[in-house]
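The form predicted alone is given below as one chain in C-alpha cells.
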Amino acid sequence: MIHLLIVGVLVVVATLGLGLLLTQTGILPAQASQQAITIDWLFDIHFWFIAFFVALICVIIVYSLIVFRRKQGEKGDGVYMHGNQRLEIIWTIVPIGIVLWMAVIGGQTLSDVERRDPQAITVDVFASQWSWRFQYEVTTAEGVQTAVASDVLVLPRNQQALLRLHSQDVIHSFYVPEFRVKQDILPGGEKYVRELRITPNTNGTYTVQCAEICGQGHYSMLAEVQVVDGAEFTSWLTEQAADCNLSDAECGLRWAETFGCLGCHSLDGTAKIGPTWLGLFGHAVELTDGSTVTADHNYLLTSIVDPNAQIVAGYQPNVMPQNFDELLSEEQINQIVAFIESLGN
C-alpha cells in the first residue's frame, strides 16, 4: 500500500508540473481570434491528458527500476502474476469513456468554430503559385458594386469574416497560427471553393502562410494580415475602391503587388523563380529555343498575357498564371508594363 501511495503522489506532482509547463509557458502562438479561444480550451484538455499519462507511465517505470530492482546477493525470479481481470476491465472501459467524452467535446468545439454569423463580411481568397490575393465586394457612394483586390488581408476586429478560398493552380492551404484555424484550398473552379470563418479579436499584424507544399516557391508564399477597428477597416476599403490616381508606373507597382507578380520577379536583380525586372526593358533576352529578342513594350505585354509564348532561357514554362488577361484590365496591364519600363534599361 505504501508503494501505491508514493507512486500516486509522484504521479500527481509530475502531472501538475508537466501540465503547467504545457499550458502556461506559451507553447502555442498568441490568440487572435474567437475561434482560437475555443480551440485552445480543447488543446489544454489534451495537454493535461498527455501530462497525466506521461507522468503515470514514467513514474511507474522509474519507481520500479529503483525500488524493485534486484538487490546485490538476491537470488531467484520475481513473483509471477497471471493477469488481473478487474484491472483489464478498468483499463479498457476508462479509455473508451475518455475517447467518447473527447468526441463529444470535440464536436461541440467544431460547432462553435463553424458557427455562422449572418452579419459576416465576405472575402474571396485567391491562392496561386506563390502568392495570395484578397478580393472584397464594395458598394460605392453611387450604388455601384465593385471588386477591390489587395495583397494584404485586412479584417475588422470582432466581426466574423467568411473567407471563400479559391486555388488557381494546385492545392494550397490557408493558415494563420494566431487564428488557429486552417483550411486546404482546392483547384477546380467554383465547385471546389472551400469556406473558412474567422472572428479576429485582437488588433495587430499577422502572417498567412501556405501550409501545403505547393512547389519550389512554397517557402515564400506569405501575405500580411492586418486586424483593425471597424472604422479603420471601412476607411481602408473606401480608399482601395477609389481609382488609382497615381502615375502609370506607380499604378503598375500597385497592381504588381496586388496580383503577386513580385513573388516571382525581383526589382533588385535578385534571382527568383521568374526573371528579374531590374534593367529588363530594352535589353536582349535569350529564349529557350536559342533565339534572342529585345525586351521592348510588345515583348513585355506578350509576356503578361501569353507567358508561354517566349520562355526565357533557364526558366520553366507553365509557372506563370495563364489568365492575367482575364484578371487584369487592359489599362492595368499597360500600367504594369509602364512600371517595368521605369526600372531602367
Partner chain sequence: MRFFSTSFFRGLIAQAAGTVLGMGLVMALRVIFGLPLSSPVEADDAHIREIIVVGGVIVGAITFMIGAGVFTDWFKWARGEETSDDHTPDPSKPNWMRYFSVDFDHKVIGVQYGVTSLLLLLFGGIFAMLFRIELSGSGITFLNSEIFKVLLGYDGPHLYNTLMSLHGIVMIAGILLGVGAMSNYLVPMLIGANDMAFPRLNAFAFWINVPGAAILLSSLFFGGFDTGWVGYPPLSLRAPLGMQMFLIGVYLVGLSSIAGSINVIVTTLTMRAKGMSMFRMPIFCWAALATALLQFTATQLIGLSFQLVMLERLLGMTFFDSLKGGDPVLYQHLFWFYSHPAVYVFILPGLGVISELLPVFSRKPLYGTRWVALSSFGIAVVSFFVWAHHMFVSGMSPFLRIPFMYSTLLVAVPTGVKFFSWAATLWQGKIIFKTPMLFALGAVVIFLLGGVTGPPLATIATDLHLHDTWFVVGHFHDTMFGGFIFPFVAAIFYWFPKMTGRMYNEKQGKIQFWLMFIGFMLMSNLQLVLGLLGMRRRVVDFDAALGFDTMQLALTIGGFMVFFGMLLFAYNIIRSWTKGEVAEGNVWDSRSPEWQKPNPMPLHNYEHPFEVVGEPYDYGLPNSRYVNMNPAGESPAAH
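The shown structure was predicted, so the numbers you read here are calculated from the model rather than taken from an experiment. Residue numbers count along the first chain shown, from 1.
Quick note: we don't show the form predicted in complex with its partner chain, though the next part is all about it.
Every residue of the trio Val7, Leu42 and His46 has some heavy atom no more than 4.5 Å from its partner chain in the model of the complex. The stretch that touches its partner chain in the model of the complex, counting heavy atoms within 4.5 Å, is 213 to 221, out of 213 to 221, 120 to 128, 252 to 260, 149 to 157.
With the partner omitted from this view, the residue of Cys264, Ala161, Ala241, Val170 that lies near its partner chain in the model of the complex is Val170 [heavy atom within 4.5 Å].
Taking Ser247, Thr234, Thr92, Thr202 one by one, only a single residue has any non-hydrogen atom within 4.5 Å of its partner chain in the model of the complex, and it is Thr92. Within this chain, Gly282 is remote from the site of its partner chain in the model of the complex, having no heavy atom within 4.5 Å.
A residue is said to contact a partner when one of its heavy atoms sits within 4.5 Å of a partner heavy atom; Gly230 fails this definition for its partner chain in the model of the complex, lying far away. Its partner chain is not shown here, but in the model of the complex it comes within 4.5 Å of a heavy atom of Glu74. Mapping the unseen interface onto this chain, Pro177 counts among the residues with a heavy atom inside 4.5 Å of its partner chain in the model of the complex. Shown here without its partner chain, the chain has Gly83, Asn84, Gln85, Leu87, Glu88, Ile89, Trp91, Thr92, Pro95, Ile96, Val99, Leu100, Met102, Ala103, Val104, Gly106, Gly107, Thr109, Leu110, Val113, Glu114 in 83 to 117 lying with a heavy atom within 4.5 Å of that partner in the model of the complex.
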